[in-house]
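We begin with a single chain expressed as structure tokens, specifically the form predicted on its own.
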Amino acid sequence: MDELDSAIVRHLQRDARQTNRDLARTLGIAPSTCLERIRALRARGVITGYHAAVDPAALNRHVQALIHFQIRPLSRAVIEAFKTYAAGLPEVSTVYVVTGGDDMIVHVSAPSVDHLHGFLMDKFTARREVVGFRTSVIYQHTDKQVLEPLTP
């Protein structure tokens, strides 16, 4: 990615709803050049989509937590099956497969701590592949809105 591609990505991360013409004007390039660059960024998989930022509390998701899982037996089939199961639950926003003492971390949200507790008990304690889990309730978090490319 060159400087122009980086600038396009940076501006689209801040506001993906701006028009091509407005973005081109901001960057000091022709609209046709801007559109061509955006299409190339999508074709290369740099831009993978456009999303609306939503307040979880507005969706009755007042409590967020990270659940750290230990899974056994450790095999590709077991990990993939559990990942698919977890990702299909409405309370789950993200599933991570990780290294270290835990095998997976699942980001969840719920209306209340009581709902979170029930969700954990009902959805995970009876799973044979789950040998243990612990939960960390998230008090605060900050999302970085704009990711900059890193130099190799």
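Source: prediction; values computed, not measured. Numbering starts at 1 and runs along the sequence shown.
The following text describes the form predicted in complex with a further copy of the same chain, which does not appear among the structures shown.
Indicate whether the candidate residues 49, 61 and 92 are all in contact with a further copy of the same chain in the predicted bound form, with contact defined as any heavy atom within 4.5 Å.
Affirmative, all three are within 4.5 Å.
Hey, in the predicted bound form, does residue 28 get a heavy atom within 4.5 angstroms of a further copy of the same chain?
Residue-level check for residue 28: no, no contact with a further copy of the same chain.
Applying a 4.5 Å heavy atom distance criterion, does residue 24 contact a further copy of the same chain in the predicted bound form?
No - in the predicted bound form, heavy atoms of residue 24 and a further copy of the same chain never come within 4.5 Å of each other.
How about residue 114 - does it come within 4.5 Å of a further copy of the same chain in the predicted bound form, if we only consider non-hydrogen atoms?
The answer is no: residue 114 has no heavy atom within 4.5 Å of a further copy of the same chain.
Taking 4.5 angstroms as the cut-off for heavy atoms, does residue 128 touch a further copy of the same chain in the predicted bound form?
Contact with a further copy of the same chain, no.
At a 4.5 angstroms cut-off on non-hydrogen atoms, which residues of 106 to 142 are near a further copy of the same chain in the predicted bound form? List them in order.
Those in contact are 107, 109, 110, 111, 134, 135, 136, 137, 138, 139, 140, 141, 142.
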